[in-house]
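As a starting point, one isolated chain is supplied in structure tokens, in the form predicted alone.
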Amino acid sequence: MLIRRDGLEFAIEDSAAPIHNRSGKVTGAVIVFHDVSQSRAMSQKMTHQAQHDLLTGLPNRALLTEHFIQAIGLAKRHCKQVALLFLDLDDFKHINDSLGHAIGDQLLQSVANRLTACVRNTDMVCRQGGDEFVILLAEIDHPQGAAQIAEKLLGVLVKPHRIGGQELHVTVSIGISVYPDDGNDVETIMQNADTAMFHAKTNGRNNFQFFRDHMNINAVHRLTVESSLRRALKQEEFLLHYQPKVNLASGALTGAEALIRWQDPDIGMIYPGQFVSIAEACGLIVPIGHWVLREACRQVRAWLDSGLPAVPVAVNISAVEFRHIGFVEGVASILKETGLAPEFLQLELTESILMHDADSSALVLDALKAMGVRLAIDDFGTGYSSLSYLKRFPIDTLKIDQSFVRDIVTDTDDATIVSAVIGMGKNLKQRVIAEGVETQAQFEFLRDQQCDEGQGFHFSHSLPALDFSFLLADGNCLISQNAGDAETDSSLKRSPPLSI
């Protein structure tokens, strides 16, 4: 290191060569100095880039692994524990796709800054890639310390981010694993934290979960189902059943809800509750939902072409599908491809989907409505909704959730809620349909309250396309037909709201 006259230090490399006289005696030396400031700075920069994420400046996985190994060594000597938090942003892809990667990158930088501010100097925040982050908590006394940090992170990240002149909302799902309880090496601890994070996703998101041994069993099952779902898509193992909707005053068939079934060649019939959540988690829900939409439209068109008095068919749309870029264009493309008039298609969405980003939801709904597609709010009353937005959304139908219908005859609170929803729907000029109608008493109550339609095993269970075509051809009053075994089939409709 040399110091210039102005006091600035700079890095040098030197070399020396001796000066000999005629007799060979060393009489001096030639010393050459080279300024290597720029080359050393470049070397340091390259080393930093190799160990850090370019977008956020956070350490990357390579540097995290190095520090994790050191932290394990210290924990062994000091009889401490090490915790690893695996974080995945909820619905980040929707923001990235709808607002662009530049906004998405700024949001990731904002998240990184908040994460860093929540931990100690001895801890490390790493960007794993995409919208995944990992936090290493070195030398903690007990797992509760990791839980306290996780709660702090959830509270900090739920606050809006001001990006590009607008407020963006994003939550996070967190999985926690602890050394040495959950593993003795970096790879095992990391894998277990990732597994716990998945369980946080499936438990409603915006929460944290500690790793438990049984989660690995579930993870293996999830991978098996995911692999089988990919095969099922390729080999066309899915089929649709159709559950009738009935006019409660006349008994006329007014519509149907399309419900997916998976005919596995080895296991047999598999119902939505056994695979939809896994399809959502691995991203397969989008191509599966696309298939459901196309198949439902194709089937209605086939009924019409055969001369049957076809009725509108409703298709449930998941949050992932609704927020997927190109969703509206996809619906339009399927209608054009199948030649089905849009009034024969109804899309059902839950309140929670619509209220997640109400302004964006309104734009999508307006586009679908302009297309001529019918719109319904499914499981109404079970989620958070704003009446101002309910008025703004171009909704045609409110579907009263079956949890309110089940006890309307014996529970005065449920009876009051159902009556209020029916009255509100009429005032808003929306049709109201009650789900899960299973008894004569429930039917009579809803009819007396002037509910427009009903759906449930009191009228008919879900039917394969061929059987439903017989129903269309027959045209009988379904109120006089109490088809189906409610005891056996009620579990099918009581699977998660997404019954695509």
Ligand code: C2E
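What you see is a predicted model; the values in this text were computed from it and never measured. Residue numbers here begin at 1 and follow the sequence given.
Same protein, other form: the form predicted in complex with the ligand, not shown, and the subject of what follows.
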query	finding
Contact residue in the model of the complex, from 176, 260, 354, 246 (heavy atom within 4.5 Å of the ligand)	260
In the model of the complex, the residue from 209, 228, 402, 346 that sits within 4.5 Å of the ligand by heavy atoms	402
The ligand in the model of the complex reached by all of 53, 123 and 196, non-hydrogen atom within 4.5 Å	no
Any non-hydrogen atom of residue 59 within 4.5 angstroms of the ligand in the model of the complex	no
Distance check, residue 456 to the ligand in the model of the complex, heavy atom within 4.5 Å	yes
4.5 angstroms heavy atom contact with the ligand in the model of the complex for residue 438	yes
Interface membership of residue 88, the ligand in the model of the complex, 4.5 Å heavy atom rule	no
Partner-facing stretch of 325-333, 268-276, 210-218, 363-371, counted where any non-hydrogen atom is within 4.5 angstroms of the ligand in the model of the complex	268-276
Heavy atom contacts to the ligand in the model of the complex at 4.5 Å, residues of 281-296 in sequence order	285, 292
